[in-house]
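Consider the single chain below, provided in structure tokens and representing the form predicted alone.
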Amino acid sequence: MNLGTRKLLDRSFTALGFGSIVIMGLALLVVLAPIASKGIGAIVFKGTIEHRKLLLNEFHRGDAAKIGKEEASANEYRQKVFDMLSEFDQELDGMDYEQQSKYRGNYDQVKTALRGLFGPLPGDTEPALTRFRYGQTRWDKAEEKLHDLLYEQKWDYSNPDVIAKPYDVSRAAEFEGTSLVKLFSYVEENLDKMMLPEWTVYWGFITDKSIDAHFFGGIWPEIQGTIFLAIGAMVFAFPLGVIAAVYFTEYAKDGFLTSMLRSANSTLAGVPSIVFGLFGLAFFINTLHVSHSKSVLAGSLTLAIMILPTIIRAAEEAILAVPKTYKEASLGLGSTKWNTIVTVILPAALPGILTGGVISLGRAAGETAPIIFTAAVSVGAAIGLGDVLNSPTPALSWNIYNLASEHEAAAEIRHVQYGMVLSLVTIVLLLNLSAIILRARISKKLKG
């Protein structure tokens, strides 16, 4: 190959590598940008007077006197809406049966939309669920509810060849000629005075417990559970993985058994994570009875089995990368084999071993399937260290899936879902960053 061709190939490979990095960066940006922007919306948003009332009543947080004044101001404007409802009730009672039937269904929808905006209407009984005791706590959701009040969505089935299309019908037009028609324009013009939106930084989203299945409150139990599970998995897997790697590199003799063990370890790394979950349920809970049912302990053991092959492989390669002269010098000075491993080989291999630990830690924090059967619950309180042996825990990865797919009001709490995703990504990055800093310090100490 001549020099010109070689240079051309080198430049082509350089351009290909640079292009791949750019594409990977853009892909990450496309994925992470919406998560970051919408996730931050769970903490920074326009909160309404309903949000401030919720914080005061449920978490005893906020200036009670100031909130009382704001509530009184908002109620002045809301009272006019309630008066319009009362006026229409009297008008409805004076109508004949046919007219009442015409308006009754739509009127109930109007009342439901108003309850969604302001909470219980005058005369309503105290709702059992927290979600019905308050109106909209976020201004963006209040604007959505306003649309539901102003318009009724219907479907156009006129063309049988295409899928039915939705369209909006003005509720004001439906109540044309009645006293209720003025309500819609009044609410639209004065919504801000009735909800009193203001920019809010709600750090309680990180530190508060959830209320009413994540309709309100924060995600602290899920954050704590994720940290417990990830650290618990590392406590079990890391020492076992390092010991196994030392055995493979320093003590095992080449042969059928060693080859089989290495093959089994490689195969274990490729097993689908849901299989580990079923294994954890069958072995740790049903056979060993490490706990009566789901628990942090059972989940940590299951995650430990799942990440063990990665740790073994990384530790094995790190130990093999240590120059043989280190070992020979130590043995030559009269040190024993075990002492050489502990004082020379493992410290020299520690940066590489920690790299495997970093990768495994991030995977343990983000896995969902293994903890479904062994540790995770969809809704629960934060647990203490003393409860990890017998109690299950909420966890971010499982609750993200649960809230996005199985929650009865998934569309209403999108901000919670994105907030959880952003928190999980942040926790994984922080755990990895901590391990990387630790590894760098150890490397610097060894070189110094």
Partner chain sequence: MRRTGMVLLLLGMLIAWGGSPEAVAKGIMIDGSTTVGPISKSFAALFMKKYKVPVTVSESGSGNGAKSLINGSCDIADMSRSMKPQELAAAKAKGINPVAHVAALDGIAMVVHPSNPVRSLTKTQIADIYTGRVTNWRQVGGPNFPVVVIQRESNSGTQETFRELVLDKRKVVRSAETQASNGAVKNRVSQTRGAIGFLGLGYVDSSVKPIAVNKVMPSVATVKNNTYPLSRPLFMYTNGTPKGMVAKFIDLPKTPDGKRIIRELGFVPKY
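Numbering follows the first chain given and starts at 1. Since the structure is predicted, the reported quantities are computational estimates derived from the model, not experimental observations.
Heads up, the form predicted in complex with the partner chain isn't pictured, but that's what we're talking about next.
Of the listed positions (Ile163, Leu257, Val169, Ala72), a single one reaches within 4.5 angstroms of the partner chain by any non-hydrogen atom in the predicted complex, namely Ile163. Of the listed positions (Tyr326, Tyr77, Tyr151, Phe132), a single one reaches within 4.5 angstroms of the partner chain by any non-hydrogen atom in the predicted complex, namely Phe132.
By the 4.5 Å heavy atom rule, the three marked residues Ser101, Tyr107 and Glu143 all fail to count as contacting the partner chain in the predicted complex.
Though the partner is left out of this view, Thr249 does not reach within 4.5 Å of the partner chain in the predicted complex, counting heavy atoms only. Taking the partner from the other structure, the partner chain in the predicted complex has no heavy atom within 4.5 Å of any heavy atom of Asp93. Using a 4.5 angstroms limit between non-hydrogen atoms, Ser405 touches the partner chain in the predicted complex. Interface residue remark: His147 is not counted as part of the site for the partner chain in the predicted complex, having no heavy atom within 4.5 Å.
Partner contact region in the predicted complex: 371 to 379, out of 371 to 379, 269 to 277, 326 to 334, 358 to 366, criterion any non-hydrogen atom within 4.5 Å of the partner chain. Using a 4.5 Å cut-off on any heavy atom, the residues of 109 to 131 that reach the partner chain in the predicted complex are, in sequence order, Glu126, Pro127, Ala128, Leu129, Arg131.
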